[in-house]
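First comes one chain, alone, set out as structure tokens in the form predicted alone.
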Amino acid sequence: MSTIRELQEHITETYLPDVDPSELDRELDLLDSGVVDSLGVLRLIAWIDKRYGLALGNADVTLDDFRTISAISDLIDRERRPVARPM
């Protein structure tokens, strides 16, 4: 299952229980539309940590990283990349 699809399912299950995941536009502004508020962002951070093993608390993240499903997916992809280490 793709990250986008997992995010659509999690967000509809948690914040929009009456919406089918396939109907949730990946570019919908989750913050401006009120789907996710500041507490919801914290819940998303906890879910991402549990689901993907990514501790975002120390990462360089902003609210814009949680604005759309695409932005959240990009954040997850960015944090999954291995860090280049000096030789």
Partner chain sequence: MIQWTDEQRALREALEDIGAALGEGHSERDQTAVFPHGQWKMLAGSDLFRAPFDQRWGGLGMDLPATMYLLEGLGYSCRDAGLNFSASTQLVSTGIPLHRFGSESLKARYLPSIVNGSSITAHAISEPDGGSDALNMRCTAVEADDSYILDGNKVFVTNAPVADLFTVYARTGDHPGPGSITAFLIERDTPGLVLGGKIEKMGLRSSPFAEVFLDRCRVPKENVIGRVGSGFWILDHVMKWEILCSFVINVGEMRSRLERTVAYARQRVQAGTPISKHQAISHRIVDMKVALETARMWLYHTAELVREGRDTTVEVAISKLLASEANLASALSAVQVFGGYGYTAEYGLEQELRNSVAGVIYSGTTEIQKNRIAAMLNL
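Numbering follows the first chain given and starts at 1. In this text, all values refer to a predicted model and were calculated from it rather than measured experimentally.
The same protein has a further form, the form predicted together with the partner chain, not shown here; the description that follows concerns it.
Shown alone here, Arg26 lies farther than 4.5 Å from the partner chain in the predicted bound form, counting heavy atoms only. In the predicted bound form, at least one heavy atom of Thr14 sits within 4.5 Å of the partner chain.
Heavy atoms closer than or equal to 4.5 Å to the partner chain in the predicted bound form belong, across 11-37, to the residues Thr14, Leu31, Asp32, Val36, Asp37, ordered by sequence position.
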